[in-house]
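In what follows, one protein chain appears twice in different forms, each by itself as structure tokens: structure 1 and structure 2.
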Structure 1
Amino acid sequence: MAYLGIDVGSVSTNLVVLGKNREIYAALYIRTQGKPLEAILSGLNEIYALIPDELEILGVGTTGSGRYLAGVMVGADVIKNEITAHAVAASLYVPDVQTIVEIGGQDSKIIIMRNAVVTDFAMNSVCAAGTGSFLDQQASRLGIPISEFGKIALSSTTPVRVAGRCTVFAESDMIHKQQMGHKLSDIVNGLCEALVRNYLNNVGKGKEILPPVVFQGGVAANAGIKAAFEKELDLPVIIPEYYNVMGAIGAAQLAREETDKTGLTGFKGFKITGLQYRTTSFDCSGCPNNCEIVEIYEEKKVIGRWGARCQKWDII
């Protein structure tokens, strides 16, 4: 008996099958690549192959920016925002966690918890500096695989100061430092420190960061960033084993809490991967907003609509 959690993010789509005793039957991290629909279907297919045949799915939860899409497709019992999902997941593994640092593909957030309750949170608002996408981009510009990024940063001996306020400034600063002849490892390390500085000044501004600090999200794989956090905070930083699928774990746990209350699940089963899903869009000309309405079809039936600024298209 287990619960399925799906986290559809901008960069990755993650699926987790979580057992009753917090054991993970299967965890998947696949790239969304701008096609959430395909990512969800292929993810479901893959994870179905990974779990034991007789395993019963008692509930399903979705989170991430594509949570509504995923929710109507699979028949989710709970559709929750990423902040709650991440907080729930972190406290499963570190029950007394007080600070959660989460850095994903397009967003970064800080969640402050006291007595296992979220008391404060912040997300990057107008700037994506310091998120996974930027690191990806810089790694490919420097010609190093993203998986090596952290190791290279750690081998630095004299860190170089890189501007962290804005990714555009950071990039020109890095190019300048390269032209000056600084070592690659020092520049990479400088970038890690700049991102952490920016994160703490921007997202973490005014927040009281107390241990235990849990660091999760795709960027937690980067040992350079972890080291920079530990240096800047002067605190140990815990990275959970399944750091890159914590959102999905949280969604699965929330599905468990929900179905414990209701006693039944709306999960449509893995068979849905055999169905045809497609989306269409059209411009509503009801008012000058010209909202672009997206419709999702399961076979020939509309199962969801998005994009309207009024309720005109809410009823399906």
Structure 2
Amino acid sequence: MAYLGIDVGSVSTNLVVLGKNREIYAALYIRTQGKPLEAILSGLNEIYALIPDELEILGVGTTGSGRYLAGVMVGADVIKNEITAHAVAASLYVPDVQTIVEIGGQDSKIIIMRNAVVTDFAMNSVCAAGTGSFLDQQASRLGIPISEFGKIALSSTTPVRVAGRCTVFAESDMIHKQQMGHKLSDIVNGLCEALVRNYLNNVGKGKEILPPVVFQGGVAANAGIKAAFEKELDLPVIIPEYYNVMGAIGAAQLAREETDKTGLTGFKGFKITGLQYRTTSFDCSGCPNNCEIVEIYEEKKVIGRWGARCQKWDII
């Protein structure tokens, strides 16, 4: 018996099947590529092939920017925001966690927890300089694979300071450092430290960062960023085993908590991957707000509708 968690973001769509004893039966990280509907169906197909035939899904939860879309498609028992999902997941692995650092491809967030309760949080989805895309761009410019970025950074012997407040400034400063003859490893390390400074000066500004500190999201794979955080904070940083799918783990755990109370699940089953889905939208002219209403069809039936400031059109 297990629970399914789905985290649909702008960069990746993650699925996890979580057992009753918190064992991970399957975990999947796939690229959304601007097609969340297709990513959800593809992910369900792939994860179904990874789990035992006799495994029973007792509940399903969704999170991420595409949580409503995923929720109506699969029949979610709980639909929660990313802050809640990431906090729940981190608490499963580090029960006394007080600070959660989450950096993905397009956004980053900090979650402050005290006594297992979220007391504060902040998000940054505007400036790329504090996200994984910043590192991807610089790695491409330097001609090195992003998978080697952290290892190269750790080999630095004389770190250089790279301006990291803005990606444009970082690129020009990086070129200047190259022209001055600095080693590649020192420049890469400087970029890691620049991202961390940007994160702490923006997302983490004014936050009391206390240990244990848990680092999750795709960028947690970068050993150079972990080292930069530990240097800047003067604290150890914990990276969970399933750091890149923590949102999905949190959604699965939330589904468990919900279905434990109700004893029922709305999960439609993996058979939905054989159905036809499509989305449309229209503008509501019922009031001056002119809300854009999004509809999702399963075959020829509308199964979800959202986007209004009021509840006039909502059927989720």
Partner chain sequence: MPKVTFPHMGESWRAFKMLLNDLGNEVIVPEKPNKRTLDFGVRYSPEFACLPLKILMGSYMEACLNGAEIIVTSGGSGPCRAGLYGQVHKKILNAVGQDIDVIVFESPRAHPIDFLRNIKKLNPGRLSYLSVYDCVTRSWEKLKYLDRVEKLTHSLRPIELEKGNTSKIYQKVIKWLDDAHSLEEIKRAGKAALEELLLIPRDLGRNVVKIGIVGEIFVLLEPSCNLDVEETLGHLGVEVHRSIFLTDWTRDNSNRTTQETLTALEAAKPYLPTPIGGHGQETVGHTVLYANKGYDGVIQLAPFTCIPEIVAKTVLNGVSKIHNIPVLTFFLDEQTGKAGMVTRLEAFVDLVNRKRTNDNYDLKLGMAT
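The term rigid core refers to the most C-alpha atoms you can superpose between the two forms while keeping them within 1.5 Å. Numbering for residues begins at 1 and runs along the sequence of structure 1. Computed from a predicted structure; not experimentally measured.
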Looking at both copies of this chain, which one is the form predicted alone? 2
Does residue 264 shift between structure 1 and structure 2 by 2 angstroms or more at the C-alpha, the core having been superposed? no
Core-aligned, is the CA shift for residue 275 between structure 1 and structure 2 2 angstroms or more? no
Superpose the two forms on their rigid core, then report whether the C-alpha of residue 289 is displaced by 2 angstroms or more between structure 1 and structure 2. yes
Once the core is aligned, what is the C-alpha displacement of residue 309 between structure 1 and structure 2? Give it in Å to one decimal. 5.4
Core-superposed CA shift of residue 179 between structure 1 and structure 2, in Å, is 2.5
